[in-house]
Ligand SMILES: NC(=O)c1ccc[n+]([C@@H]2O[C@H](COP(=O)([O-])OP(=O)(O)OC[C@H]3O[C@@H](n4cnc5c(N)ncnc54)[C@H](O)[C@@H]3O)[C@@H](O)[C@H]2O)c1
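Here's a solo chain for you in C-alpha cells, the form predicted on its own.
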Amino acid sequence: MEKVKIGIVGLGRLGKRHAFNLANLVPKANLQAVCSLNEAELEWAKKELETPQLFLSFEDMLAHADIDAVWIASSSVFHASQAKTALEHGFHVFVEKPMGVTLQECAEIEHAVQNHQDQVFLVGFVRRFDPSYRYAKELVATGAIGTPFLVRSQTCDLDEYAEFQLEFVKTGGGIFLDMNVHDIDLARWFIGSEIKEIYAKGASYVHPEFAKLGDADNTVCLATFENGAMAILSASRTAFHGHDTHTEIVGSKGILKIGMTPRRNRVEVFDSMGVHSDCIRDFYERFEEGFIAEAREFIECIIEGRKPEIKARDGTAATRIGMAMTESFKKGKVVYM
C-alpha cells in the first residue's frame, strides 16, 4: 500500500484542520471522502480540498466510499458509536478524544479493537506527539530528573470561546472530559502508574451559564497514583491572554517545565506598555506540529502493519478518570477508583 485512502467524519473547527492536514501535509494519506450533516461544510471540502466523495450520512460513507480508514472528528457524543461501527466494517480508525463519554462506550470500543486485531486504532491524544512533550518523555525515560512524583498540568482556553463551548457541555461530558482529558493522559504517561484517588473542585466564576448546566468554567483537581505519585490538574475557560497549556514534571533529581509561557514566538516587544509578547490563541496553533505528527503516525502504522503506542485502554482510562473528576466536583468529596 503506497497511500492510505481516508474518509473523515466531522468538519467543525478541528475537523477542518484534520481534513486540511490529511489532504495537504501527510504525503502518504489520500483524503478520499468527507462526511458532514452540514452541506456548507461539504462544499468547503469540495472547493478547498478537492475531495471527490461527499456524504451527508456516516453509514453511507462506510458503505459506498472508496476508503481504507476512517478519521472521526465529530461531536464527542458520536465518537464511540462511529468508531465501533467503522471497526466492525473493517476500517482502520482514528478517533478524536474523548474516546467515549461513558465507560460502557469505552468497554465496547476495547472489545471491538480486540476483535479486529488486523486494524489500526488510534485515539487522538495529540500532546504525546508534540516535539516538546516527546522530548520531555525521553528525558524522564533516561532518568534525567530521577523518579517523577508530581505532575502539574493545565489547559486554559481564551474566554472568547466560552459561549461557543456552552453548546457542547450537554453532550460532551463537561469540562473535565472536554479539557482535562489531555492532562489526565499526560499525567499517566509521565508517571507510569494509574490514578487511584481524585478530589476535584470548581465553579462558574465568570460565566454563570455553565453552573446552570452542572458544569464549571474553572476547575482544579488533586490526584494520587497507585505508586504514590501525585498530579494537580486544572482547567479554565476564561483565560484572557491566550490559550495557555503547560505542564511541569517534578522528579527526585530535577524538574521539567513545558510551555510555561504561551508565547507565539520568541519576539519580545518593548513599548509604552512595557515588555510583552504575543500569545498563542488556540489549541491548534499550540499543537500544530503534534496534529500533523499524529496523522503521519496513524498512516505509517497502517502502511507498516504495526500498532500505535496509544491503546484503546488509554482512552478508557482518560474517560474513567475524567468521569471520577466530574463526580468529585459535583458531590464535593474524594472519589476512589
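If you're wondering where the values come from, they're calculated on a predicted model, not measured in any experiment. We number the residues from 1 along the sequence you see.
One more form of this protein should be noted, the form predicted together with the ligand, which is absent from this view; the next part is about it.
Novice: With the ligand left out here, work out from 263-271, 129-137, 176-184, 210-218 which stretch has heavy atoms within 4.5 Å of it in the model of the complex.
Specialist: Every other range fails; the passing one is 176-184.
Novice: From the list 110, 96, 197, 244, which entry has a heavy atom within 4.5 Å of the ligand in the model of the complex?
Specialist: The option sitting close enough to the partner is 96.
Novice: With a 4.5 Å heavy atom cut-off, would you call residue 38 a contact of the ligand in the model of the complex?
Specialist: Output for residue 38 is yes: heavy atoms within 4.5 Å of the ligand.
Novice: Hey, in the model of the complex, does residue 231 get a heavy atom within 4.5 angstroms of the ligand?
Specialist: Looking in the model of the complex, residue contacts with the ligand do not include residue 231, since no heavy atom lies within 4.5 Å.
Novice: Answer yes if any heavy atom of residue 78 is within 4.5 Å of a heavy atom of the ligand in the model of the complex; otherwise answer no.
Specialist: Output for residue 78 is yes: heavy atoms within 4.5 Å of the ligand.
Novice: Answer for residue 19 alone: is it within 4.5 Å of the ligand in the model of the complex, judged on heavy atom distances?
Specialist: Taking the distances in the model of the complex, the answer for residue 19 is no, it never comes within 4.5 Å of the ligand.
Novice: Do any residues of 1-39 have a non-hydrogen atom within 4.5 angstroms of the ligand in the model of the complex? If so, which ones, in sequence order?
Specialist: Those in contact are 9, 10, 11, 12, 13, 14, 15, 35, 36, 37, 38.
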